[in-house]
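Presented as structure tokens, the chain that follows is alone, the form predicted on its own.
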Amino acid sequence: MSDEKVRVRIAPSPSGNLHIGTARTALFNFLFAKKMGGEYVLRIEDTDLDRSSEEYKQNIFDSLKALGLNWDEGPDVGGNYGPYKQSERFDIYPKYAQMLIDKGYAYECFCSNEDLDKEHEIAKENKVPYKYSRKCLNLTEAEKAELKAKGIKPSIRFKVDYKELIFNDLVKGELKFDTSLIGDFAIMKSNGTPTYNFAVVVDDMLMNITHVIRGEDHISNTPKQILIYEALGAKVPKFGHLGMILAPDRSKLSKRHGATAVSDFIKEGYLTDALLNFVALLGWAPSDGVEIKDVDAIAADFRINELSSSNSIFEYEKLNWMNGQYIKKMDISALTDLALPFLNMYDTNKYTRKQLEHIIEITREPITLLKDLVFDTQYFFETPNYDEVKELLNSELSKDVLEKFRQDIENYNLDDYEDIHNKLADFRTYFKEQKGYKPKETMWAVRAALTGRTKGADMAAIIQLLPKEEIINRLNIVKAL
């Protein structure tokens, strides 16, 4: 690696919410910049004005910030190489297009869409890959003036020299292209807007981008971009192309498989630290084999030349497991802050903040998503539905157990967890010795009466948290079943 300061960029198009694949690209750029002491730039590629929207731009900002992938330069924070939205750079591109025309690397093309469609059809009939015919390459100045006088606005095409183009990809290794297969491609449309391949080169050149790390779906663009760099006399950045992210069935990851946008994952109840950790493992492996790491540890261990060139499978089950691990280990106050919006259908004001933290603490163990808390905490906020445990509650054992529990609860110190825990132990022992009831059967009855379920959080903690009048109310409901 040279002494040149590393500058990388993430350049999403605001034509949809930030996709998890784009988030991975952003992460790997962020990690590489962090590892190399470089700079990480956000650029919004909104040249397609019809598909771009402010809503999607904001989603990109919010999603990247939620993941902690904060940029050094960008549309909202500025920098020395702005503007950082392509739609605000339209005055820049014609200058460089004209430069290429003047140097003989580009020319005006007056072909209509109908003309080009006919060429495509001929290529299809002849069963050969389509390549532009170059019919406008040698137009005279007089011919061009005549066409312009008719109101025909030309596009601008790059003239491709035929050669073998070779570059060393940071991820894929050496790649070779036969440029004779490319054909002369448009760099400026007839409406005056730049094409993707031209705008991205001009922007990366002017922003001093040293490394372009992106998905392998861009490999076909790379030879065109390298040719433009060379024609402009600019230094070609180093390219690295990441394998694709596929669904478990090895098809393209889509909404039919589950969430795909970062904001959707967050709405489902995934922790952003867990999501970031999981995404890092899609093409990267920790040197010590320990998969759960924070972003600083991942950056310290990150090696771009060891990224996998193969496609990665997005395993939702593994993500769920990892999210559960993060939920188990997270600071309870911070976790409660994240959990409460998921419980907004309940009246959480009936509990103090300390009690709410306690509720989250005792119910978080089995959950994998924050949205699971809606079900797992329900009995703290609403009277249970007893349909699924009605048969259990109507047994003679349960009626016997609950009658005594109703009497004993008057003697519980409901502010003292240890007192509740010890009294429940004595309660189980009493029924085992006096009636031969199994301790778990005794507690099933109590749990079913107070929660409508046969398993769940620690019973002593539940009893401590539920208001005494609510406990009595539920015992009365059950008795009347």
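Because the structure is a prediction, the values reported are computed rather than measured. Throughout, we count residues from 1 along the sequence that is shown.
Below, we refer to the form predicted together with glutamic acid, which is not included among the displayed structures.
This chain appears without its partner; in the model of the complex, the one residue of H211, K293, R214, K172 with a heavy atom within 4.5 Å of glutamic acid is R214. For the candidate set L370, A274, V200, V262, a heavy atom within 4.5 Å of glutamic acid in the model of the complex is found for exactly one residue, namely V200.
Among residues of the shown chain, Y196 is one whose heavy atoms approach glutamic acid to within 4.5 Å in the model of the complex. Within 4.5 Å of some heavy atom of glutamic acid in the model of the complex lies at least one heavy atom of E45. Shown alone here, N17 lies farther than 4.5 Å from glutamic acid in the model of the complex, counting heavy atoms only. Within this chain, H218 lines the site of glutamic acid in the model of the complex, having a heavy atom no more than 4.5 Å away. Contacts to glutamic acid in the model of the complex (heavy atom within 4.5 Å) from stretch 7-26: R9, A11, P12, S13.
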